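Take a look at this single chain, the form predicted alone, given in structure tokens.
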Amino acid sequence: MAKSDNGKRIRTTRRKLLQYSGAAAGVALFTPYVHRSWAQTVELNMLSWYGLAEPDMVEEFEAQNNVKFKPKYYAGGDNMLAALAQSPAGTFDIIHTDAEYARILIERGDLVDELDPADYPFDDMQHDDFTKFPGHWKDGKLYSVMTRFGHLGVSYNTEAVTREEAMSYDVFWSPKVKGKVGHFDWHLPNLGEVSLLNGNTDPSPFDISDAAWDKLKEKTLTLKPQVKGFFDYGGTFASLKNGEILACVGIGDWVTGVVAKDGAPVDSVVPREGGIQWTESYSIVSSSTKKDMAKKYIQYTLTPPGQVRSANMAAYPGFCVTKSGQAALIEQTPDEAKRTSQMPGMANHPVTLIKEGRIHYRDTPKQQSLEDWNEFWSEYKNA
């Protein structure tokens, strides 16, 4: 964040963030109510996706370090930018975000601190890409550290759709799910999947020509007659669980893994056209006065105990990014390791899928603006 004694710089930074956040600036955020008395406790203010500051993730670290997390939750990177733009300098200490939006934070200037790579276990990462992940570095300097990831593809009701049918994004246009297709209400994962269906894999489903963009919009609009609705975080879980929708675009096991544990007949697959990876990381806010504790927490999330908690997170599960974390997951919760194909040698192991070229890292548009995609998404919703 810009220095607090430089009001002009702060206003400029916030104005730029508001330009990125666009219509999302007015979206309500999840703010849990906290009422506790913690004598001499360090309070860490976190801006994050829902669940990252819940007890199942942070209780061990809080107890060991006399810390209490105070989260502001959002859903979708545009909403994260809006929350940050609307908040005074010093509001947050640590930001949990998606890799493609970490890049925006870094490009904005003095919002987040440069980090020392030696403070983090990059030699323990499961894939070389994770050590220099796109969007986390600028000019050879580190600003954001990857801690968890997952894959998006086709999510479906197993009583209505077979696994073979789900192995293509074409299933969303199937008569079997007419009027029962849902969208997680965020343009990047949804349009990214349709882009893959259109064959936009080289270099990326998010790096497409204007002609390919026109075809992507045309194809997406043909899906509208199939669509039941557009759902927020909670609505996506509920609609899959109660059968309101039979297939959902733009999500993966981070939703169906939770819903399936509650007994719903749902699953997710990476289809033949390929899948999209969501990648989450932490950055330390430049205006924070608690940077040492924020760094200590990021380091904790990359320890084996932190990785096991992340993989089993109640709000939504994620894959382990470290080798030692995966080993601990296999030892401590082997059923979850097997369910998510994180056992060595499994055909759908998440790192194997990356190495086979079936996974594409989610990104912001390269040849169009973020606003272009956001505006079309609004047009599609209202079509």
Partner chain sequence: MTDDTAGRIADPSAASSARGRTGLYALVWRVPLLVWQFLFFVVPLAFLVYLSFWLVKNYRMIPGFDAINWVKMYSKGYFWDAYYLTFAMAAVATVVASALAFPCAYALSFKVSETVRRWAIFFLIIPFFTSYLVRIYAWQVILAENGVINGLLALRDLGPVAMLNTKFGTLVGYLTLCMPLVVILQTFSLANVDRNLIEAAHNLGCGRIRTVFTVIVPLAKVGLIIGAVFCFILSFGDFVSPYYLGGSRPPTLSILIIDTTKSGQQWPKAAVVAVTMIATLLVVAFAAVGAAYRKPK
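Numbering follows the first chain given and starts at 1. Please read all numbers here as calculations on a predicted model, not as lab measurements.
Not pictured, yet referred to below: the form predicted together with its partner chain.
> In the predicted complex, which of the stretches 140 to 148, 180 to 188, 289 to 297, 158 to 166 has residues with heavy atoms within 4.5 Å of its partner chain?
Looking at the other structure, the answer is 180 to 188.
> Tell me whether 86, 224 and 370, taken together, all sit within 4.5 Å of its partner chain in the predicted complex, counting heavy atoms only.
Checked in the predicted complex: all three residues contact its partner chain.
> If you check 231, 254, 92, 120 against its partner chain in the predicted complex, which one has a heavy atom within 4.5 Å?
Contact residue from the list: 231.
> Please tell me which of 81, 196, 216, 284 lies within 4.5 Å of its partner chain in the predicted complex, judged by heavy atoms.
None of the others qualify; the residue that does is 81.
> Is there any non-hydrogen atom of residue 242 lying within 4.5 Å of its partner chain in the predicted complex?
Answer yes; at least one heavy atom of residue 242 falls within 4.5 Å of its partner chain in the predicted complex.
> Look up in the predicted complex whether residue 308 has a non-hydrogen atom within 4.5 angstroms of its partner chain, and give yes or no.
Residue 308 lies outside the contact set for its partner chain.
> Residue 104: heavy atom within 4.5 Å of its partner chain in the predicted complex?
Because a heavy atom of residue 104 falls inside 4.5 Å of its partner chain in the predicted complex, the answer is yes.
> For residue 72, is any heavy atom within 4.5 Å of its partner chain in the predicted complex, or not?
No, residue 72 stays farther than 4.5 Å from its partner chain in the predicted complex.
> Which residues within 352 to 383 place at least one heavy atom within 4.5 Å of its partner chain in the predicted complex?
364, 370, 371, 374, 375, 378, 379, 381, 382, in sequence order.
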